[in-house]
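Next up: just one chain, as structure tokens, the form predicted alone.
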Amino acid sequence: MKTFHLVRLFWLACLSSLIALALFAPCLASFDPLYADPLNQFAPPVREHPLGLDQLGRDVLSRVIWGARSSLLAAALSTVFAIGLGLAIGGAAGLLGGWVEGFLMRSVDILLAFPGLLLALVAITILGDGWWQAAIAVGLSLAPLYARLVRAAMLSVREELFIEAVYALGSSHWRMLWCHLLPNAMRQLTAMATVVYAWALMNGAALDFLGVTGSPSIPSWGRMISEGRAFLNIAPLIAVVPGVMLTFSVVAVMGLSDSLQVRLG
């Protein structure tokens, strides 16, 4: 139990460090991430620029720090949107049952048959390019997965005896949902929300990599990987460092998710 507690604290510390990096980016970054010095492009790491300069002469470390803000914030917005929509769809299906459940779940199954990244690209085509449009598109692509998880959690709680007793007392459907079903299923749903966030990070980075998330001047880890892949032989840090940060973030979130599932399960 002590080891498990230490592991959970470790992942929490990792995520707290990433969040602090994103929140205090203006204080931690030594240079403007958009400032370019073309005469010193691909400059090697020195004391003033620990990770060197990129193909436009921009400080790589400052761009990685600012990239944490845009990448983590976009993933958070995607997760909130996916969870909200998933709760509405999955909650209605699990609560009402019957033809409503059948219609909603078959619609969800159709969406789940397509790769999430493809759904996000279709959503961006409809919504248009931009930072927040990409975040909502990722949220839309993840909402069907969370809706099915919510519905499964609702069904497991709905079979409990106290639910039948509450129904017998004349509780309305929506009061049943918000006061009894969701609170009792929240342990499972909280752990799965972290998994959704990890997927949002990866899908958001994939859209950044493809260059469909708005202005290329906004630093993000996925876009930095895309820009730096052509210069791996010259300046590998341009792509490697944001790739490591993205991987570390996903691993930290998934580690926390595993810890929560053991703790809450």
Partner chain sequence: MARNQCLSRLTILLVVICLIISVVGCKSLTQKTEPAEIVYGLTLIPSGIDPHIHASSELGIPLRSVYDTLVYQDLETREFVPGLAESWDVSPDGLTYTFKLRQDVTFHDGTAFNAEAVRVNLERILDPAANSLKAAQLLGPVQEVRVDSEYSMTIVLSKPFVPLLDGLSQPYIGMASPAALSEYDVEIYQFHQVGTGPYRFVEYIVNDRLVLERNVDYNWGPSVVVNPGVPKVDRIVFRFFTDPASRALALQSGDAQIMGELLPTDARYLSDEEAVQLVSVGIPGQPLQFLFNTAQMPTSSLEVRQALLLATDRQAIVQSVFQGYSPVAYGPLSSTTLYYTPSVEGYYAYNPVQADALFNSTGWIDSDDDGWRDDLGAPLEIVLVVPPWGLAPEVAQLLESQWESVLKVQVQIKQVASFPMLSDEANKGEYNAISLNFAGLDPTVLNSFFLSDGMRNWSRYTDPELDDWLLAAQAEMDPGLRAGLYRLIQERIMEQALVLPVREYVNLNGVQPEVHGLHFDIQGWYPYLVDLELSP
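Everything numeric here is computed off the predicted structure, so don't read it as measured data. Residue numbers count along the first chain shown, from 1.
Below: the form predicted together with the partner chain, not depicted.
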**Message:** At 4.5 Å by heavy atoms, is each residue in F31, V46 and P236 next to the partner chain in the predicted bound form?
**Reply:** no
**Contact segment among 236-244, 197-205, 65-73, 38-46, judged by heavy atoms lying within 4.5 Å of the partner chain in the predicted bound form** = 38-46
**Prompt:** Even though the partner chain is not shown here, does P216 get within 4.5 Å of it in the predicted bound form, heavy atoms only?
**Reply:** yes
**Asked** Looking at the partner-bound form in the predicted bound form, is D129 within 4.5 Å of the partner chain by any heavy atom?
**Response** yes
**Request:** Pull the contact list for 222-242: residues with a heavy atom within 4.5 Å of the partner chain in the predicted bound form, in sequence order.
**Result:** R223, E227, R229, A230, F231, N233, I234
